[in-house]
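The chain below stands alone and is given in C-alpha cells; this is the form predicted on its own.
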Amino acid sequence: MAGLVPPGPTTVPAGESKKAEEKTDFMNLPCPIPFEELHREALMSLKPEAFEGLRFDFTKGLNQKFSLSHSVYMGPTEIPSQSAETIKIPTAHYEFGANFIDPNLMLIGRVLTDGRLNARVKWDLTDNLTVKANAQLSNEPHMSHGIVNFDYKGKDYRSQFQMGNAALFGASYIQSVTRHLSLGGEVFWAGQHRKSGIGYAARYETDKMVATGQVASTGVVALSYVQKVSEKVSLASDFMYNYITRDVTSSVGYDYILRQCRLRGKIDSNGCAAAYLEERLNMGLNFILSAEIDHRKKDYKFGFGLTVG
C-alpha cells in the first residue's frame, strides 16, 4: 500500500525561492525615467512652488479636450542687486490661457499683460517617439527663447535630443542595468557662449527608496535620496556641491499627503525654510498657503491662493 501513496508536494526552501525572485532577467528590464527627471521625487519635497502675495487660478472646461484658464497674481517681484539685501518692487499681472489636451497631442498657450507669450507642445508621433517644444516671446531684449526635444522610449532605455536658439544642442541617454539600477549620460553645446559639457548619472530605485547621483564637467555634483515611509509620507534630502566654485548646499524635506490636503516643506543649510500647503475645500476648489523664510538674507515670503477648476 505504501507504494500506491502519491508523493507529497516538494517544498522549496524560502531562501532559494527568494533568490529565484531576485534573479535579474536582463532581457526584460524596465524602462527608466527620462534623464531630465532623475531627481523628480526629491524635487517634489525640496522644491515646492513657493510664491509671495496673492494668486488666483480659474480653469473652465469647454469640452473634454479644450479648456480656458484665467490667472491673477499680485505680489512683489525681486530685482537683481549687488547688495546683500533683497530688493522687491510691487507687481500685478493677469494671464489668459488656452489648453488642448488629447491622448496624443497637448497644446498649452499663455499670454500675460506684460507682453509675454508662452507656448508648450507635446506630440506623440508614435508609441515610442515624442516631440516636445517650449517657447517664450517677450518685449525685453534677449528674453525670448525656444527649445525642441525629441524623446525616444525604448524597451529598457530612453534617449533625447534637443536643440534651441542661441545654437544650443544637447543629447542624453539612460539605460536600465538591473531591475533597480539605471545609468546614463548627457552632452551639450552652447554655441553662443562657446561652452560645452558632459555629465554622468546613476539612479537606484526600489519600492521604499530612491537614490540618485549626478556629476557634470561644469563642476556640479548632485546627490539626492528619498525614503518612502508609507504611501502618504516621504522624506527627502539632497547635497549640491560645485568643485569649481566650492559652493556647498544641502537640504532635507518632507511630503505628507492627507485625506484633504498635501503638505510639503524643506530646510536647507543656508537657514532657509519653506512650506507649501494645498487644501482641497471641495471638488475642484483648492486653497493654497505658501511660506518661505530666509533669516540670513532677511527675506520673508508669504502667499495664499485659490484654485478653481
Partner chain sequence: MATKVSLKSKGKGGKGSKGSDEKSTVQCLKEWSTWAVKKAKVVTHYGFIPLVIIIGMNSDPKPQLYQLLSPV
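In this text, rigid core is short for the largest set of C-alphas that superpose within 1.5 Å between two forms. These numbers were taken from a predicted model, which means no experiment stands behind them. Positions refer to the first chain, counted from 1.
In what follows, reference is made to the form predicted together with its partner chain, a form of this protein that is not presented.
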Using heavy atoms only and a 4.5 Å cut-off, determine which of 164, 109, 75, 219 is in contact with its partner chain in the predicted bound form. 109
Which of these residues, 183, 137, 148, 187, gets a heavy atom within 4.5 Å of its partner chain in the predicted bound form? 137
Is there a non-hydrogen atom of residue 99 within 4.5 angstroms of a non-hydrogen atom of its partner chain in the predicted bound form? yes
At the 4.5 Å heavy atom threshold, is residue 62 in contact with its partner chain in the predicted bound form? yes
Heavy atoms within 4.5 Å of its partner chain in the predicted bound form: does residue 120 have any? yes
Taking its partner chain as it sits in the predicted bound form, is residue 273 near enough to touch it, meaning that at least one heavy atom pair lies within 4.5 angstroms? no
Sort through 154 to 162, 190 to 198, 91 to 99, 170 to 178 and report the only stretch with a non-hydrogen atom within 4.5 Å of its partner chain in the predicted bound form. 91 to 99
Only counting heavy atoms and a 4.5 Å limit, does any residue of 161 to 195 reach its partner chain in the predicted bound form, and if so which ones? none
Core-aligned CA displacement of residue 140 at least 2 Å between this form and the one not shown: yes
